[in-house]
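One chain is shown next in structure tokens, namely the form predicted alone.
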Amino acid sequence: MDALQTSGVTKVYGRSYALKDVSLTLARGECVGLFGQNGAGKSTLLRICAALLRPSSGSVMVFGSDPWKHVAQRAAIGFLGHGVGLYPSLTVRENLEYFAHLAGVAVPADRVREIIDRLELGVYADAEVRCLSRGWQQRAAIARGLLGEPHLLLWDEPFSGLDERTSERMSEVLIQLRSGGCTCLVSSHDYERTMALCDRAVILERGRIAYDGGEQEGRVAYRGIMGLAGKRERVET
């Protein structure tokens, strides 16, 4: 049974197509990088796969079940979007304990302590979220997304706006999730960093899949679609 399968997924807003006939399969334990220009449909696809947005047509199956028809299946999905999704006036710990209760975690306090240690959040665990830098807020948001131990993680731009150290930490988290058998679909504009962690690349162009395959061929396709083909690479000195 595949972890994720979309079949003919289309999303229309008025007369505009955000996605058109997108069919994609992720095997269990696979990690796939999702690329494309702004407006290509990456975030829309992730939200549809997370059962946060209904497609206009087509279907989504998560571990063999439709998450819209079988709501309990949504517990297997972890979604990390652009927004941190935390209450700014609460501390990191208070946020995580609240969301752990919502996720039905058996012993929320224990799970929260485990996640705080895992993501090295201890130094700011009792600070209000609004007082944290963007990088630490992102790390706290990731902690929220991992509370329910998802089997399928949908991650939208994990490296966006982060410093190098925090980006490296996000990479380490993704490696840990993979080693635990989690299936991941990661949307990103950072091809090299993302593909160092992924099995294959999927590139969207104007709402359609323009490429689905290996890293090296994907790099060529990515540069062409992003308008980078023919431009000289920057030489590090």
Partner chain sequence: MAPHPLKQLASLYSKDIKLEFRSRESLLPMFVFGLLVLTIFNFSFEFSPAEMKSAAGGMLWIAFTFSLTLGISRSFGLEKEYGSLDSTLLMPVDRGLIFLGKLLSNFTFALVQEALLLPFFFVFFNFSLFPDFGWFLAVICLGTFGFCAVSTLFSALTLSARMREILMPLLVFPVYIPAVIGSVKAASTIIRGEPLAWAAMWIKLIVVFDIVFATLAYILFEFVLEEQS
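Positions refer to the first chain, counted from 1. As the structure is a prediction and not an experimental result, all values here were calculated from the model.
Another form, the form predicted in complex with its partner chain, is not on view; read the next lines as being about it.
For the three residues 54, 74 and 94, a heavy atom within 4.5 Å of its partner chain turns up in the model of the complex in every case. Think of it this way: in the model of the complex, its partner chain has a heavy atom of just one of 169, 178, 193, 47 within 4.5 Å, and the residue is 47. Residue contact with its partner chain in the model of the complex: residue 84 places a heavy atom within 4.5 Å of it. Of the heavy atoms in residue 102, some are within 4.5 Å of its partner chain in the model of the complex. Its partner chain is not shown here, but in the model of the complex it comes within 4.5 Å of a heavy atom of residue 128. Its partner chain in the model of the complex is approached by residue 89, whose closest heavy atom lies within 4.5 angstroms of it.
Although its partner chain is not shown here, in the model of the complex the stretch 9-25 places heavy atoms of just one residue, 11, within 4.5 Å of it.
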